[in-house]
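What follows is one chain in structure tokens, specifically the form predicted alone.
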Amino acid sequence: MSLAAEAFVSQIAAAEPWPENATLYQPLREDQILLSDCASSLAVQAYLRMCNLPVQVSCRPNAEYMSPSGKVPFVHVGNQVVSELGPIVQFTKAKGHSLSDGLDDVQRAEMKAYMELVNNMLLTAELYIQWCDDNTAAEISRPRYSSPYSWPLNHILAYQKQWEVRRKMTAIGWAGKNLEQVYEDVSQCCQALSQRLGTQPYFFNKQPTELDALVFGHLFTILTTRLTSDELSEKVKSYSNLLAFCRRIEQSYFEDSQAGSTSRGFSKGPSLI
């Protein structure tokens, strides 16, 4: 988005308060959504809850095609549609809701660096495992991704998505990696996050930021999503402070989603508590 477009969106966003009927759109929770999209959706839900901004979750089979960027989740707020965590953070900031205003310039730069780390390592690893590991693609990703559609469209869309992701992996230099190398990348990312978190409740001490929401979305989803192997979740479980971090955010911001409630589409896996 250009600077002029960002300024225009900011002016429009600031003019209207956050509505009670704001809606977040994601793929079908039980049958369709995959690990990476579930993680991204949960990160946005966590962020909005940390900002105390209400949002309803709507699961749609064509959510990906409804999104202005082709990526999920996206939020519909008033007459605005905004997709992905970064732009949503900027959108809420324009309305006067920010989790990182208390950070200084050095801390903001550090926060952005760790968010890039999560997106470049964890998100990319999730996509690799979903679509580049043959067993996972055949047993989980293609069947779930294509589940809302009938033959032959289901096969066409699933293989098209797999081809798109594999082409992206080639472009960023991940196509030549094997699963063990990907798991090692995840482990190194978790180690960096664990060291930065230390004994603090959140990455920048006592108050959460968008980094906390992003990390929670990915780690919690990895821990609660069933794959063909447990190796990915075991990498996260090696870091006790990251597990405690996930439990802390779940207890603090998602208590109303316990006991199997799906009113906000919290997660498709079991609770950590």
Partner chain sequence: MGTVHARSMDPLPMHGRDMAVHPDDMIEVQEAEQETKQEILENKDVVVQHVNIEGLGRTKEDLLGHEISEVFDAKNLIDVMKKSHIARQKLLRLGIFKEVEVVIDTSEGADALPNGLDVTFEVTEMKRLTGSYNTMVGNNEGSMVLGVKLPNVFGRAEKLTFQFSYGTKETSYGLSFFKPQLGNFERNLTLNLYKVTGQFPWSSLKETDRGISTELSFPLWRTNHTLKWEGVWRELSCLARSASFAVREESGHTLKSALSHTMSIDTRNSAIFPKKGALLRINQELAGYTAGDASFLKEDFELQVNRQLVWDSVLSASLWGGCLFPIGGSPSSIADRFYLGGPTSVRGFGMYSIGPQSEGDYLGGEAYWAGGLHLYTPLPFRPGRGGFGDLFRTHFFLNAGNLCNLNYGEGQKAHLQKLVECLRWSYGAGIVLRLGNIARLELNYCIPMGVQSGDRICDGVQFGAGIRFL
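Positions refer to the first chain, counted from 1. Small disclaimer: the values here were computed from a predicted structure and weren't measured.
Below, we refer to the form predicted together with the partner chain, which is not included among the displayed structures.
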- line: Residue within 4.5 Å of the partner chain in the model of the complex by heavy atom, from 94, 103, 157, 132, is 157
- line: The listed residue (67, 228, 56, 233) that reaches within 4.5 Å of the partner chain in the model of the complex by any heavy atom is 67
field: residue 81, heavy atom within 4.5 angstroms of the partner chain in the model of the complex
entry: yes
task: Indicate whether the partner chain has at least one heavy atom within 4.5 Å of a heavy atom of residue 150 in the model of the complex.
output: yes
query: Would residue 128 sit within 4.5 Å of the partner chain in the model of the complex, counting heavy atoms only?
result: no
query: Should residue 253 be classed as touching the partner chain in the model of the complex when contacts are defined as heavy atoms within 4.5 Å?
result: no
message: With the partner left out here, which residues of 16-36 have a non-hydrogen atom within 4.5 Å of the partner chain in the model of the complex?
response: 25
